[in-house]
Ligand SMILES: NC(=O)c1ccc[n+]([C@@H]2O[C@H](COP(=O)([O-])OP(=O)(O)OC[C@H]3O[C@@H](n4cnc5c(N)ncnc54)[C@H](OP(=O)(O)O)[C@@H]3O)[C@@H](O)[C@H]2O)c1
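To begin, one chain is listed below as structure tokens, in the form predicted on its own.
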């Protein structure tokens, strides 16, 4: 019997790569769907267990073609900084809706949609609003979709720990406010396994899961943990959020600004899983703690 095909949109991204790896190990044939599917070498995924297809999720015919014959689909496409040519609504709302609608039309059995903790249609962040609108669009198009909302992702080769390392090397470490925003970083391999489990569990159909890692800590504590692992000591310098917003405004004209207003808004809001919403435990998974996996992440930064 031929193995089932799962189409993973955003397969070459940080999370998408891990999802593909987890699904191949589970026995799926993975169809890697991305704008440039050959750009990234995915080690550990044999050619006879994978297919590659070029897809721009803004183009419905390409989305539909990527879903032909698939038993399941995963939307792991994300955009963190928008530009004049590519807006949050293009990816997180219209693109997400296109995937869900085409999945339904193609007779796909299961759809997992990756969103994020803290989605809110009334948020001052355009990114967060688009995420919330995208979730709604997906539910309307594919009622049985499983929505996974991970907290900030971390793992080898990530952006979160890598940026903390850069900050820890400064003469003084600037904090967002007083650094008291609470985070619950989710290890990328744990989130990928949650996707795998969700695809196999009938009771996950139509449900929302918030995937917070095994440790809640403040931004200040995260920075301090990284400095401790690096063996460095730096003074911590609180910086009011109003100044961060001013800096983001000044950087806005740049093609790829290192800081945006949306990122500042996110750093002013706790990013932890809701106690009343299903999470890792409901998928019978144990999420790793930030301090348990930090050494592994730092090795990748310096390798």
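The model shown is predicted, which means the values in this text are computed figures rather than measured ones. Positions refer to the first chain, counted from 1.
What comes next is about the form predicted in complex with this ligand, which is not displayed.
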Identify which of 91, 217, 137, 175 has a heavy atom within 4.5 Å of this ligand in the predicted complex; exactly one of them does.
-> 91
Interface check vs this ligand in the predicted complex: of 208, 153, 98, 112, the one with a heavy atom inside 4.5 Å is 153
Does any heavy atom of residue 23 come within 4.5 Å of a heavy atom of this ligand in the predicted complex?
-> no
Distance check, residue 116 to this ligand in the predicted complex, heavy atom within 4.5 Å = yes
Contact between residue 56 and this ligand in the predicted complex at 4.5 Å, heavy atoms?
-> yes
Is there any non-hydrogen atom of residue 15 lying within 4.5 Å of this ligand in the predicted complex?
-> yes
Listed range touching this ligand, judged in the predicted complex by heavy atoms within 4.5 Å, from 249-257, 31-39, 66-74, 232-240 = 31-39
